[in-house]
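The chain below stands alone and is given as structure tokens, in the form predicted alone.
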């Protein structure tokens, strides 16, 4: 999409095309395009409206009902923060005394809009002209244009002395190709600039990829990994005055109509004890694993590792926890396809879920090789115990 197409979508004719496209989202794209053209929508406008309708449909999971009025790009949507996470970040910034915020690399404006809703005055900077225009349009659609303004330019040139807080979400996809960037030194703005922000503005937050190497975490910063409904979605570095603990795993789970938040904190440097498998296995949330807080969770559960390099925990009793899934283990076997197949046939197991850590086996291939038949279900855990390939058979504990 270019600026002319965006401008066209914001006209009355464009709004009508967007409304018509919304009713066709999720269907056959060729049929949808034909339907819009048959209604008199010019081909270029129809294509732009259908693209926005598709992206808005996908964005509901991140933004909720607000997605219906937002302007989006594919790359921007993928990198954008989920609303529940952005709102909690904004609350924390507000509680820390941030009243004016620079959002350097604001993208489509997800974090800036959350901060503005919290009453923070936000100055957004975005290098891509179309994305900057979309962020401004999103601010207007949300009724927040007075609190969130956007300029198209170089984030490194922004005068941060104008604000008392900085949020930076550096671009992690290559311009032009859209390929994911894994090396933080190739981020835009550059990593040295990003990590140097805290020296200039004591209340600085940097959003980073969840796979960030712990060695790159600046000294004194709080590193937070965020999970939503079991998915690891992002990490953030809380710098300067905002740092509270060395490591944090923050989990959000939807329970009915309620969103529950849980936080596990620690140093990230503690090691858990190692012992033999026990009756209950705990599979820690990915955010807990990435935050290196498995040992802290083990202390809560009175649990041990079965192998020092694999993040499965074992305990004698089940304990309710938001930080891990619990399975009751009925069998612990040295891995043998023949023996496992015989056991499952004897138990009449026809459905299995397969978990794995520390195993080279492919769950899909194993499922085919097992040739399952029966009316019972089981959970299989492919792992190592004291370095030896092992399979555990069990079932989930509610």
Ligand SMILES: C[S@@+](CC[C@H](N)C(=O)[O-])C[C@H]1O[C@@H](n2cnc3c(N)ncnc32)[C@H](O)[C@@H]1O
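Note that the coordinates shown come from a computational prediction; the quantities given were computed from them, not determined experimentally. Positions refer to the first chain, counted from 1.
Keep in mind that the form predicted in complex with the ligand is missing from the display, and what follows is about it.
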| property | result |
| --- | --- |
| The single option of 287, 324, 110, 236 touching the ligand in the predicted bound form, heavy atom within 4.5 Å | 110 |
| One residue of 184, 246, 240, 189 in contact with the ligand, assessed in the predicted bound form (non-hydrogen atom, 4.5 angstroms) | 189 |
| Partner-proximal stretch of 222 to 230, 146 to 154, 271 to 279, 309 to 317 relative to the ligand in the predicted bound form, 4.5 angstroms, heavy atom | 146 to 154 |
| Residue 165: touches the ligand in the predicted bound form, heavy atom cutoff 4.5 angstroms | no |
| 4.5 Å heavy atom contact, residue 170 and the ligand in the predicted bound form | yes |
| Contact flag, residue 204 vs the ligand in the predicted bound form, heavy atom cut 4.5 Å | no |
| Distance check, residue 115 to the ligand in the predicted bound form, heavy atom within 4.5 Å | no |
| Stretch 74 to 109 - residues with a heavy atom within 4.5 Å of the ligand in the predicted bound form | 79, 80, 81, 105, 106, 107, 108, 109 |
